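Only one chain is included here, represented as structure tokens and corresponding to the form predicted alone.
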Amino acid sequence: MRYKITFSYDGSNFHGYQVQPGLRTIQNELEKAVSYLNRQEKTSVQSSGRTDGGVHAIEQVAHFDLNIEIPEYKIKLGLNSLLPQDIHIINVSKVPNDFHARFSTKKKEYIYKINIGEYNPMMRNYIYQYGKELDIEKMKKAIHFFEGTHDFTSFVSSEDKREDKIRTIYKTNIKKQKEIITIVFQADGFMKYQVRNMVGLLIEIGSGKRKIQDVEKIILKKNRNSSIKIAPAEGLYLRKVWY
């Protein structure tokens, strides 16, 4: 039986999603809990994608296969009783065996939060504490250059070995509420460090260090060595995944 879970997590104390020997990761915690439910048989949990250390998720999605049929509400209760408090299962549903949390994905949305006001130690793990003014109107004009289908090689980590760096960004948005700026990217998929590099460039534009037109120029370069300062992990959230 294949089950789909929607879950949230606080990434502050994790070394990312993917299992890494000797390190605390979200996937490791999930697989320990799911394996316990699956009659102590080691069980893989496949997510919609990997998030880096310090990155959070509001609605991440994953799937796993159980040898026994268990009502969805019991799986939710069981997993939440076994998981640490920084991971929470929101929903569980039975899905067809050809469903795949990663390969069945249609689009994803990430948001990034920046504090341009006074440093807030209580939110240091959840909002990037930039602490300086940014020209949000310039950033709003610049972000639209990311929309559409592009080769995003200039914004991808060299650690990402996928040959195809072409992605389609359907929607972008920047809004400000008091001293908090929220940046939104919705696309058919994202690669390692892509969102954080795009945000890093927008911050440089908002601070006057780069021009609005630099977005288009850097995209066209298709060169990872574009000297973009990557934005810190703590402001980034996977908000939603669509199937």
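Residue positions are given as counts along the sequence shown, with the first one as 1. Treat the numbers as computed from the prediction; the structure is a model and nothing was measured.
Below, we refer to the form predicted together with another copy of the chain, which is not included among the displayed structures.
*Asks:* Looking at Asn13, Gln20, Asn223, Ser227, which has any heavy atom no more than 4.5 Å from another copy of the chain in the model of the complex?
*Replies:* Of the listed residues, the single hit is Asn13.
*Asks:* Work out which of Asp86, Glu147, Asp151, Glu109 lies within 4.5 Å of another copy of the chain in the model of the complex, going by heavy atoms.
*Replies:* By the 4.5 Å heavy-atom cutoff, the listed residue in contact is Asp86.
*Asks:* Looking in the model of the complex, any heavy atom of Ala57 within 4.5 Å of another copy of the chain?
*Replies:* Yes - in the model of the complex, heavy atoms of Ala57 and another copy of the chain come within 4.5 Å of each other.
*Asks:* Does Tyr119 make contact with another copy of the chain in the model of the complex, using a 4.5 Å heavy atom cut-off?
*Replies:* Tyr119: contacts another copy of the chain in the model of the complex.
*Asks:* Classify Tyr126 as contacting or not contacting another copy of the chain in the model of the complex by the rule of any non-hydrogen atom within 4.5 angstroms, answering yes or no.
*Replies:* Although another copy of the chain is absent here, Tyr126 would touch it in the model of the complex, with heavy atoms inside 4.5 Å.
*Asks:* Do Tyr3 and another copy of the chain share at least one heavy atom pair within 4.5 Å in the model of the complex?
*Replies:* Contact check for Tyr3: no, nothing within 4.5 Å of another copy of the chain in the model of the complex.
*Asks:* Determine which one of 111-119, 152-160, 134-142, 97-105 lies within 4.5 Å of another copy of the chain in the model of the complex, judging by heavy atom distances; exactly one does.
*Replies:* Going through the listed ranges, the match is 111-119.
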